[in-house]
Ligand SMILES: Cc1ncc(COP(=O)(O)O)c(C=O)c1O
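Single chain ahead, by itself, as C-alpha cells, in the form predicted on its own.
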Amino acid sequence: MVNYKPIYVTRPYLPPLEELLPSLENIWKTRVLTNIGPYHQLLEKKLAKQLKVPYICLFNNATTALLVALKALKITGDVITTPFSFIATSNVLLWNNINPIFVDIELGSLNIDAKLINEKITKRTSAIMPVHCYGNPCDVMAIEEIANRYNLKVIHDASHAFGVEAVGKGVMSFGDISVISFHATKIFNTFEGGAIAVNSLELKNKIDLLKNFGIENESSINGEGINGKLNEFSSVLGLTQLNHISELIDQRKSISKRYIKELSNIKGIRFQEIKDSIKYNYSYFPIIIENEYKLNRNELYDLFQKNKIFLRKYFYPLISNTPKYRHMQSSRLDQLPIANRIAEQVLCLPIYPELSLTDQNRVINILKEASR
C-alpha cells in the first residue's frame, strides 16, 4: 500500500524569503514595528489600486474590521444577513447588541437570496450584511436597490473576494463598506489581517480613528476606539504577496478548470454557479453532494479522511443551527430550507497554487471511484 502524504484543503502561500529581507532589514534599522508605519501606509495605497476602490483601511484581522464597520456606521437594531457563512459574520452583530435576521440562500450561487430580503425588513432593520460566498459576488445591484428604497446601510462581508469584479467594477466598491480577510488561509494573506474598503475620505478618517484607540493627536482622544492596526511585518508580507497575486490566481484557475472538466459528468456532484461576467479569484472549490451520488456528504468526507485528504464541510454547521442562534425566529428550518440543505451537502476540495497534478489526481480519482 502506498503511504501517501496528507493533502489539506488549503496551504498558505509564502513568497520567497529573500524578497522580504530588504524590507525586514529596514524595519530592524528604523525600529518602526507598528502604529501605522510606512509599510502599512504603502500597502493601503497599493491595495486600493489593486482592488479598484477609493480607500483602504488596514486591520489586524477581518473580524475586528467588521466590528469597527458596524460602529462606524452606527448600526443598531436588526441586520439582515445570511446563515451560510463563517460564524464571525453573525458574531460581530451579537457583540454589538445587534440582532441578525437570517435570509435563505440561492440554490445556485449559494449567496443570500435578494428576492427574499424585502419580507424581512421591519422598522428595526438598519442594514443588510451580505456575504460574497467563496468569493462569488452576491446580487450587488438588487441589494443596493433595496437598501436605497428603505434607507438601509450595506456592509458586504467580502472576506473571500480578493480581486473579484462584478458589473465591471471591483466588488469591494459596492455598498457603504466592504470588509475583506487576509488570514493565512486566504488567497492573499498577511499572516493575519484584513481591511475595510470605503468610498469616501471622511469615512476612512473615521475608521482610522476607531482602529487606533480614537487617537486624533497627542492631546485629543475619542474614547470609542480599539486597537485594530496591522503591524509592519504583516504589511511587508502583503506588499511582497502583491508581486505574485496574478500568477497565484491563474494557478488556482487551472486547478478549478481541471476539477470541472474531470468531475462534470459524475451524477450527484454539482458546482457553485458563477456567472461568466464575473472576474473570479478561485479562492475555494466547493462541490455539492446530491442524492444521486452513491455516498452522502459525511460518508464521502470520511472516505477522504481515510485517504489522508482533509477536506472542509465549509460552512457547517449552519450559523442558524448553533446554540447562540437556533432560538431566533429567522433560524427556523422552514425559513431556511436551502441553506440547511446545502450545509448538509457541501464539501470544499483542496485548491492552492502548489497542489500538484499527482495530488489533484488523488482527489479526482476518489470522487470517481466512489460514484460507481
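The first residue of the shown sequence is 1; numbering continues from there. Everything numeric here is computed off the predicted structure, so don't read it as measured data.
Not on display, but discussed next: the form predicted together with this ligand.
- In short, of 302 to 310, 30 to 38, 340 to 348, 55 to 63 it is 55 to 63 that has heavy atoms within 4.5 Å of this ligand in the model of the complex.
- For the candidate set Pro137, Gly193, Gly228, Pro100, a heavy atom within 4.5 Å of this ligand in the model of the complex is found for exactly one residue, namely Gly193.
- Of the listed positions (Ser85, Thr81, Asn111, Ser283), a single one reaches within 4.5 angstroms of this ligand by any non-hydrogen atom in the model of the complex, namely Ser85.
- Residue contact with this ligand in the model of the complex: Asp157 places a heavy atom within 4.5 Å of it.
- Shown alone here, Ser235 lies farther than 4.5 Å from this ligand in the model of the complex, counting heavy atoms only.
- Although the partner is absent here, Ser181 sits close enough that one of its heavy atoms falls within 4.5 Å of this ligand in the model of the complex.
- In the model of the complex, at least one heavy atom of Lys186 sits within 4.5 Å of this ligand.
- Taking this ligand as it sits in the model of the complex, the stretch 343 to 372 never comes within 4.5 angstroms of it through any non-hydrogen atom.
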